[in-house]
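Given next, in structure tokens, is a single chain: the form predicted alone.
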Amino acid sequence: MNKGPHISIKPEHLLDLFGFPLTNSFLTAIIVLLLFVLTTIYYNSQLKKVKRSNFFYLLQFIFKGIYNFFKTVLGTRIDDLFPLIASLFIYILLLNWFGLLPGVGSILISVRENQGESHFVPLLRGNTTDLNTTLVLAVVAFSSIQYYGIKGLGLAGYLGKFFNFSNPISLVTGLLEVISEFSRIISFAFRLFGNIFAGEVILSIIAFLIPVLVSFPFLLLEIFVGFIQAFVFAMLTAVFINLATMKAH
């Protein structure tokens, strides 16, 4: 039996749920999403009350901090874009930090493969260490950028930023801009995946080699990295939306 740390780029298949393959990273995403939804329901219910809990004021402080910070980037668009930007930031942050909780990646269960052989895999896995998740988040960000660009400039005005046939230089520059626009999907996805996956691999190796509190400073570092990566993802989305709504010169 292999007693070393379990490291796998591919998420492990746990079972089939109504014909849908359930992986350990997807199970983590379901848990985090439920926590996210329940927190928003709780926050909205507290808004209707006169006497509110301390947890409500903590959430309100966090939301106001996020709102005021991104207002410096988005300006008058903040009310329109805040739900998207804040949701991306908070959801990615929760996914990053949930993967650092004790038990995530270390609680193993036995699963049976098609050949009938059983092996142990982690029950839970950090969801942003799954490239499928980061690609989907990147597509959401990319689609939002295109949507707000078309909404702000109109379809003809927005496409005119990329397809300008007035002269050969403008045409080539526009085509390069198209390539640059689509490359953002890869940039978004692999930046988030690479940083979070590498961090969890380091934590697993350190904890395996020297299991007595030595990994604690690395854990603090990964908490910081998880925050920075969520912030960078949301910030770049906000900046690119701003750029998409600017008229071409």
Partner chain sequence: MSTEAVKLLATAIAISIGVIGPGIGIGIIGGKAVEAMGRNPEAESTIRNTMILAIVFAESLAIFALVIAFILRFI
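Note that the structure is predicted; figures quoted are calculated from it, not measured. Numbering follows the first chain given and starts at 1.
Below, we turn to the form predicted in complex with the partner chain, even though it does not appear here.
- A single residue from the set 67, 190, 218, 26 has any heavy atom within 4.5 angstroms of the partner chain in the predicted bound form; that residue is 190.
- Screening 223, 201, 62, 37 for any heavy atom within 4.5 Å of the partner chain in the predicted bound form leaves a single hit, 201.
- Heavy atoms of residue 195 reach within 4.5 Å of the partner chain in the predicted bound form, making it an interface residue.
- Contact check for residue 9: a heavy atom falls within 4.5 Å of the partner chain in the predicted bound form.
- Heavy atoms of residue 239 reach within 4.5 Å of the partner chain in the predicted bound form, making it an interface residue.
- Mapping the unseen interface onto this chain, residue 232 counts among the residues with a heavy atom inside 4.5 Å of the partner chain in the predicted bound form.
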